[in-house]
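A single chain, nothing else alongside it, follows as structure tokens in the form predicted on its own.
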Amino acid sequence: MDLKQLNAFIAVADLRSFSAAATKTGLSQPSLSRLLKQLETDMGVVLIDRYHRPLHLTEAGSFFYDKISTILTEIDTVTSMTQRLSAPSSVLNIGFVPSVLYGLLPEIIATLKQFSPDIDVNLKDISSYQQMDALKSGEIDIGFGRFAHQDPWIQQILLRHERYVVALPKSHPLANVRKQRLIDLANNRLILYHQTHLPVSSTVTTETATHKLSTSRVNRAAKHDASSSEPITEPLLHLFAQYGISPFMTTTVSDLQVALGLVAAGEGITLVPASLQTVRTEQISYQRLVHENVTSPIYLHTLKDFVHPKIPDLLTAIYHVYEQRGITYRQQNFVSQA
């Protein structure tokens, strides 16, 4: 059994076609078939049912695929990390979610370049969960995200919590109310924009939210369907559910900018991190929420076994900006385990 055989099997299993797998791997179809047959002979197991179209994995093949694909991913990750460890790039590749770009990230990068004039920074717009794979592949060296992750290859630190504000059309009856409550917003159409959802383990269920809601004096429109006990993984709905509230109506859009565009057009309201309250201020009123724990965290994450040599300089720049802005933080550092 060798890597060529395993990669041939993975390609066929993914594409369910010898011809497509041959194209993907750059092998001739006879060579691909020969590698797969050698693997099955070495193992004494039939992995591919060749008598159906598209091809099917046998029961043993499905089990082997699930286990070996994880191992091959780890081999690729270790190989990439080893190459970077032996010859670190002078470029610091930084992944970020769009909402962070509206906050302090530009100031942080400017400060970093002041502290380290020779540094070369490359910024990449990429979602929190996609950053995990990008770190392992070497596409980025560090990422700014909004969600906590449990990944054996990744270490992360919490930089700070950013308060949410409510974005309302300027013509909205609550547009000039300085301190907003979630329950007062429940009768509005809430515009949802997160493409990344929370892990199920950190969520409440609609059943729990309904129970909380039924014990408080709230508007009838804010009640949940008590028959459901599905976990609430959408981040904004999760914030409402923590208070036992469900918005009367929701609309889901592709990103935050579209959400704010709909708010500006009077089509609903949404919640955004406070750093976005300078966007579309001619049409949108941003007001503070009274709930102190309705926040959006900002995490910084990188690999456990390889910390780019310029990352300590980035952390220095981050904390310098926080001090200049009077932002409360707890200083942390990444630990290289290599």
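Numbering starts at 1 and follows the sequence shown. Quick caveat, the model's predicted, so the values are computed rather than measured.
Same protein, other form: the form predicted in complex with benzoic acid, not shown, and the subject of what follows.
Using a 4.5 angstroms limit between non-hydrogen atoms, F240 is distant from benzoic acid in the model of the complex. In the model of the complex, A21 stays away from benzoic acid, with no heavy atom inside 4.5 Å. Using a 4.5 angstroms threshold between heavy atoms, Y164 stays clear of benzoic acid in the model of the complex.
I298 belongs to the set of residues with a heavy atom inside 4.5 Å of benzoic acid in the model of the complex.
Contact annotation for the candidate site: L105, I108 and L159 all lie close to benzoic acid in the model of the complex (heavy atom within 4.5 Å).
The single contact residue among V100, L190, L92, L182, judged by any heavy atom lying within 4.5 Å of benzoic acid in the model of the complex, is V100. Contacts between 129 to 155 and benzoic acid, taken as any heavy atom within 4.5 Å in the model of the complex, involve only F144.
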